[in-house]
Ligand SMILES: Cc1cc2nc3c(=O)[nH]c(=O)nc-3n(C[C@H](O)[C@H](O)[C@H](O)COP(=O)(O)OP(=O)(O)OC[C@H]3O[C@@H](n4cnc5c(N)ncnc54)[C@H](O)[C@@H]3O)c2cc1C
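Quick setup: one chain, the form predicted on its own, written in structure tokens, and binding and motion questions come after.
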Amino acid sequence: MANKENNIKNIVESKLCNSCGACIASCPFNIIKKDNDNIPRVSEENCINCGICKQVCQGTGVDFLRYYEKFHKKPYNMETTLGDYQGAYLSFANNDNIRQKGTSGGFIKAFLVSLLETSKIQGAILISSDEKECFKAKAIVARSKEDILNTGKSKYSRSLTLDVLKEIENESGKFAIVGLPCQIQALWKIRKLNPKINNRILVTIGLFCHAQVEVVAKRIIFKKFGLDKLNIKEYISRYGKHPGTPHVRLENDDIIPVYFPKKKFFRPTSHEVLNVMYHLYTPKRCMYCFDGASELADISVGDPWFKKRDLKNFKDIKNINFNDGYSFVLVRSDIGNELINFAFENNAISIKELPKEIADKCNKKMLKSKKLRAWYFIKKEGKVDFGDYEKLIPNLSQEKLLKQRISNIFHILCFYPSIRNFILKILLSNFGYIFLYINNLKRKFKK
């Protein structure tokens, strides 16, 4: 029997696993498998306690300050929300079909297709849909334009992105990888330990992330609206104008909304529903994550969330209709800069450079909130060793601490399954429909 202290079992049991997939990719005996909720499980009777899975696990932290200084050639600034970057852009795919198929402008799809078709890369590690449960994330190595275009948009659920790294370990050529901040951090640990993997990766694209969502939340939603009984061909997580809303495509090609499919008056967007689900189904490990902008990736990509008042002095940006689909892109490394320019010159993408004073305001509220949440929970946890995480925590004023305590009250619900499931079912009722509509009006008014 394995000593659970020398594999990731205790990390999983402590709910500090973020389902990055690093352990599955690195286990030399292939005895770590994902369960139905995309959580890795160790076959203890076959484990020899080599400890490799714990070495690559990001669950209990990484040496973030050391990696950051190595990557950016400067110390980490705790006051920044975006981290250091060489350039900031608004971008979209020049191909209208790719722009529509992609998330927030289709930058990532167009960028990867451009690299693939010019043999800069032989493939890209992306997230697609699970065959049995379409809303569940599944990692693939996309090796063709069709593979890239057919991968789903953001899944907003636990995704073991790194578990397919073994597939490319002994291949020739270079690959791109698209992942969440935690997955990019775990990849740094893998690349240090495994030279073969390190040599396969040309560029990393990190996604902006507030938190993942437990798989069970989507199961409840699909069951509530009877979608689990339909013959679904495709799950489209963000259909329509930005920010979009989840739909499913049936075998007969009919497209049906996931949220309140029979309602006609108002269609809740991903934004309204996710704002509630983050307070109910955020995995525990996400509470300790302060990196919302993938600060260790070559290129970081997110939605261009700005307040109108932040843009009022910049007419050429203020008049942009963000509903048409734009990606907010940060270039953080020389290779990222080289490849962005290549895709632009290859006419795959359009880019508009943003002045730093504007770029730094993008997603500021979400990113700041995530850092404060992490600092609060890291201090509160105490007994968990998160490496150098505590060195990142600034001295917070009593006012900020109080505000964060109030904000985190609702996150307590994440640890009480029966209560959070009950609240989600209320949200999916007629009462919840009205609540989401009011929330939508409130958001529009704030703009």
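Residue positions are given as counts along the sequence shown, with the first one as 1. Remember, it's a predicted structure, so these values are computed and weren't measured experimentally.
Omitted here: the form predicted together with this ligand. The next part is about that form.
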Taking 4.5 angstroms as the cut-off for heavy atoms, does S114 touch this ligand in the predicted complex? no
I'd like to know if R332 sits close to this ligand in the predicted complex, meaning any non-hydrogen atom pair within 4.5 angstroms. no
This ligand contact in the predicted complex: L187, any heavy atom under 4.5 Å: no
Classify S327 as contacting or not contacting this ligand in the predicted complex by the rule of any non-hydrogen atom within 4.5 angstroms, answering yes or no. yes
Considering non-hydrogen atoms and a 4.5 Å limit, which listed residue (K174, H72, H210, R219) is close to this ligand in the predicted complex? H210
Tell me, out of I349, V178, L165, A297, which residue has a non-hydrogen atom within 4.5 angstroms of this ligand in the predicted complex. V178
Based on heavy atom distances of 4.5 Å or less, which listed stretch (224-232, 202-210, 334-342, 246-254) is in contact with this ligand in the predicted complex? 202-210
Sequence-ordered list of residues in 116-132 near this ligand in the predicted complex, where near means a heavy atom within 4.5 Å: L126, I127
